[in-house]
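In the block that follows, a single chain appears as structure tokens, in the form predicted on its own.
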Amino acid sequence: MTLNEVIHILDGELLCCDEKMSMEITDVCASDLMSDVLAFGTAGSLLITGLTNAQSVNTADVADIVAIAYVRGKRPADDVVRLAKERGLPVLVCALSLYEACGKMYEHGLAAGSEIREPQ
């Protein structure tokens, strides 16, 4: 599905990188713990999170996440949006909870963008 379709499904608003509206999104990684995104996230995923600081953008960049959706009606500060734009990372916001946003993405066929690892 395209980023444009994700925005529509989440009833979201794109804050930057509108040139990437046709980008394909196939997986979703969801967490407010950026350490979990780094440990378990899958490159190429959409990150759904409520953490709106620069750490979420830096983590997404390192983990090769392709876009970020901020939930719970939270809006990142202008400097966070500017950082995302510099990195070519589309950012959208929506009023849904993390649970609801993930459910809608699952309902529309997106796969889990995280690896499940067995305990060592």
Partner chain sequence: MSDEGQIMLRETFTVAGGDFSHAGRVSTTIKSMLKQIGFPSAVIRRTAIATYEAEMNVVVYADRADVTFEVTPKTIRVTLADQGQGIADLELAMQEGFSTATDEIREMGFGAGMGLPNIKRNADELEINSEVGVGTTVKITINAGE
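Positions refer to the first chain, counted from 1. Predicted, not measured: the structure shown is a model, and the values here were computed from it.
Beyond the structure shown, there is the form predicted together with the partner chain, which is absent from this document and is the topic of what follows.
**Student:** Do all of S97, Y99 and E107 end up near the partner chain in the model of the complex, with near meaning a heavy atom within 4.5 Å?
**Tutor:** Spot residues vs the partner chain: no contact at all.
**Student:** How about N58 - does it come within 4.5 Å of the partner chain in the model of the complex, if we only consider non-hydrogen atoms?
**Tutor:** Contact with the partner chain, yes.
**Student:** How about L89: is it within 4.5 Å of the partner chain in the model of the complex, going by heavy atoms?
**Tutor:** Output for L89 is no: heavy atoms all beyond 4.5 Å of the partner chain.
**Student:** Test of understanding: in the model of the complex, would G41 fall inside 4.5 Å of the partner chain by heavy atoms?
**Tutor:** G41: yes, in contact with the partner chain in the model of the complex.
**Student:** Could you confirm whether V62 comes within 4.5 Å of the partner chain in the model of the complex, counting heavy atoms only?
**Tutor:** Within the cut-off, so yes.
**Student:** Find the only residue in V93, V66, L51, V81 having a heavy atom within 4.5 Å of the partner chain in the model of the complex.
**Tutor:** That would be L51.
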